[in-house]
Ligand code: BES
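The form predicted alone is given below as one chain in structure tokens.
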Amino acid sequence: MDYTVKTRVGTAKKITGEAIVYLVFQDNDEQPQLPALPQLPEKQLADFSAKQNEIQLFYQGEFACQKLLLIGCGKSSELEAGKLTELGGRVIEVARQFKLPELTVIFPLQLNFDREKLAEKFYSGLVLAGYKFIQYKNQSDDEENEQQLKLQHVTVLIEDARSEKTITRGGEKGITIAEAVKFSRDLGNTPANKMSPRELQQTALEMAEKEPKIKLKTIADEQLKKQGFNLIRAVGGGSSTPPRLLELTYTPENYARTVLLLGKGVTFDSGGISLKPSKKMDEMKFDMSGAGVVLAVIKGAADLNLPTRLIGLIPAVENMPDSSSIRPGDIVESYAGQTVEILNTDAEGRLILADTIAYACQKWGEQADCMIDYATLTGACLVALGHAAAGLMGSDDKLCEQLLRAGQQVNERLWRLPLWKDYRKKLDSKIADIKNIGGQAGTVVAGCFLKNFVDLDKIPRWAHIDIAGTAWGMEKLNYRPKEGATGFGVRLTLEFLSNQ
């Protein structure tokens, strides 16, 4: 984002500058609910119905600014809470269209939502819509420069001074959440030669150095072997960059509970000996998106000073083919002591999470309120749900309902899938305790594999979120790019934590 977002209280008529933007909604008769406007051409107003994405531009009038822009938003009664971020994104989209250097947008007080929550999501949209990943471009294309957003300043105008504190508080929270999402997107978009397990550890270390409430512990090298993290070591054994387990702890003052967050951190997934097809293999830099969610949520929680202690566990590995890689047919003893028959080395995410889950239960089980893991785990999830929703599985109905609700509130939808014993049977092995793949229903079977390593006596509240179809490739929205990392899961989890 190369523009600032600030808040002020006042009246639109006194605003000077390039443009004032109104978000206009229809009433029940599908007529626009026009704000108190100066005298404007009646024909232009008559032609404006405030339908979704309709725009009407006026010049001068009684305003001190140069332009007045009306953006149609359809019926306010049909606006879901999860879509509120799109309002802010739409403002930036219009600013791009008209190449505005600055604008003032009137905060939509007429909407029937909690004003602090509305501000949070509206400001998030304003910030997220400006996201670009161009760190490795030395010079932008001429065509891109022509279309580039020239915006430098966005001012949100509050016309009701009584709402200033509420809206400002919500807006600041929204900006903080948006920055956490952008951080997650940057991690996912960074190429694997710039984001190995070593660089992922360095990123976590830099977070801990900047925030006293965050501490980092790393288990690597001989300690991984000594403590029995054999599945993590097996998956990362073919890479020139050794694997490691990152353990971040965010500890606020007087915290009420502890939540465990686990993220798959495969910084590049070639498939190992079970090599992937070359087509779209470049996308496998996104295979650490679960780790990106965990890091970004901890960063966001610290910046928001949320009163929940978070334990973030990230097994960071690179899955590469080499003479020291695991092979199909190998049997490896897990951290939990169970033996795993490896039938496909490309089903590696569940292996590193199995060790991490078992470790989390052993070390934090007596203290954790719940445990949630995030992983780009299965291509089968993309087949089942496409890019519209992430797969949710879990052991506790209440926890799953809370996550589903949080997803609806931020338009990061989840769909719950079963973990029936019928699916667990597909993982039975004749020569080991469990095998790592099991035929059809791949997403659910992978969830059953993970559940096998959860000690439900210690952590009865566990949820698994498969973000394989949502970490990238989702439908383009004005605040979310179609290409590259989406940061899916960050807003969802921060909403979940805030709701508690």
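The first residue of the shown sequence is 1; numbering continues from there. Note that the structure is a prediction, hence the values are computed from the model and not measured.
There is another form of the same protein, the form predicted in complex with the ligand; it is not shown, and what comes next is about it.
Heavy atoms within 4.5 Å of the ligand in the predicted bound form belong, among the stretches 261-269, 307-315, 388-396, 160-168, to residues of 261-269. Using a 4.5 Å cutoff between non-hydrogen atoms, Gly337 does not count as a contact of the ligand in the predicted bound form. For the chain shown alone, Ala380 is a contact residue for the ligand in the predicted bound form, at least one non-hydrogen atom being within 4.5 angstroms. By the criterion of a heavy atom within 4.5 Å, Arg244 is excluded from the residues contacting the ligand in the predicted bound form.
Mapping the unseen interface onto this chain, Ala468 counts among the residues with a heavy atom inside 4.5 Å of the ligand in the predicted bound form. Put simply, of Asp186, Asp346, Glu102, Glu179 only one has a heavy atom within 4.5 Å of the ligand in the predicted bound form, and it is Asp346.
Met284 is the sole member of Met284, Leu417, Cys400, Leu216 with a non-hydrogen atom lying within 4.5 angstroms of the ligand in the predicted bound form. Residues are counted as partner-facing when one of their heavy atoms sits within 4.5 Å of the ligand in the predicted bound form; in 437-473 these are Ile437, Ala468, Trp472, in sequence order.
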